[in-house]
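As a starting point, one isolated chain is supplied in structure tokens, in the form predicted on its own.
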């Protein structure tokens, strides 16, 4: 039976101007409850602007954004309390410890007593600051630890939607893995996640669906599998060509196969991965292979094919 997803966030024709600069140009998309939704694009693509509108921090110039059918407005504090935002800048007090920061922000959301204490301890464990680091002043933290504390503060009030704006910029591999683990844990508990990044590997690793933004417009929005299908896989291989019949067998069996300049060298480009078929053919026909290389699709190539430039240009 096919699972039906309910829409938790809807953006319909949203445009945002900064003076004469069009940061967002008639953006429309839906985000399903319980998914990890990726916003992928280069710096200046409009990711942070869209996130600020979804978080209720700013209003669009035109169009509408809704949360569970209710229009998102900066004045709607009830709606905004259901959102956790992890900004690019650090949003905590450096003269407080990690635990003191979490307790303070938890109190701002109305949490008290044992419930607050238990929640803070739970968050410290999720973000990997549950040992002696919980009692260190955050001004002494590494960049990665500060990023993790930023994440923890956005989680302390148990939001329905967690929004992260480039949360791994400048962090060490250990902290990046911790952040990934925390996001997956929170998502598994039912929290919808919106993750903005210009790192294609992060989007590929985390996200159920991905919207690719460029110059304030969505140029593609789909599952990773469907986005990768927009580009092609190229397989190159060489065989020991001691018999003219070998080439005839290959060409007859794989009509799209192209002989290269070097004798016994071939390539094949398709929208699906042809490697298993090629290997099976070589084994069945007892054709000896010298080498095989596969150039697989990735989001960088998808972005290049859609825009004509690299993601990080």
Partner chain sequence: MIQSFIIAKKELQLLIRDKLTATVLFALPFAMILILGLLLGEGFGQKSDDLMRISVLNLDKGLGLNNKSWAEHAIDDIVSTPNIKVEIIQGKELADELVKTGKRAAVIIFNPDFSERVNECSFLSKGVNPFHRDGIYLEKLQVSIIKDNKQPATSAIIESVCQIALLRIVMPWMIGKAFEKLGDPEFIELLGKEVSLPIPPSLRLLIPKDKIPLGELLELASGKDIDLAKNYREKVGVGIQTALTGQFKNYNLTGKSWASLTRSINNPETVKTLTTFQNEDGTGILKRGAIRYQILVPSFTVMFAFSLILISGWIFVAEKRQGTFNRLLSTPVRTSSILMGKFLPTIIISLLQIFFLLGLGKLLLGLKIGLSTWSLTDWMIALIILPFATSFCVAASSLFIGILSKNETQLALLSSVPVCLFALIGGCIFPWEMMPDNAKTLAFLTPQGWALDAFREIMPSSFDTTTDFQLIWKSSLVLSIMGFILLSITWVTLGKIRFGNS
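Computed from a prediction, not measured in an experiment: that's the story for all the values here. Numbering follows the first chain given and starts at 1.
As for the form predicted in complex with its partner chain, it is not shown, yet the points below apply to it.
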Item checked: Proximity of residue 64 to its partner chain in the predicted bound form, heavy atoms at 4.5 Å -> no
Check: Closest heavy atom of residue 96 to its partner chain in the predicted bound form, within 4.5 Å or not?
Finding: yes
Check: Do residue 209 and its partner chain share at least one heavy atom pair within 4.5 Å in the predicted bound form?
Finding: no
Note to self: My question is simply whether residue 203 lines the interface with its partner chain in the predicted bound form - judged by any non-hydrogen atom within 4.5 Å.
What the structure shows: no
Note to self: Please identify the residue among 229, 189, 108, 240 with any heavy atom within 4.5 Å of its partner chain in the predicted bound form.
What the structure shows: 108
Margin query: Exactly one residue in 288, 28, 58, 245 has a non-hydrogen atom within 4.5 Å of its partner chain in the predicted bound form; which is it?
Written below: 58
Next item on the list: Please determine, with the chain shown alone, which of 180-188, 230-238, 76-84, 217-225 has non-hydrogen atoms within 4.5 Å of its partner chain in the predicted bound form.
Entry: 76-84
Item checked: in the predicted bound form: members of 16-43 within 4.5 Å of its partner chain, any heavy atom -> 16, 17
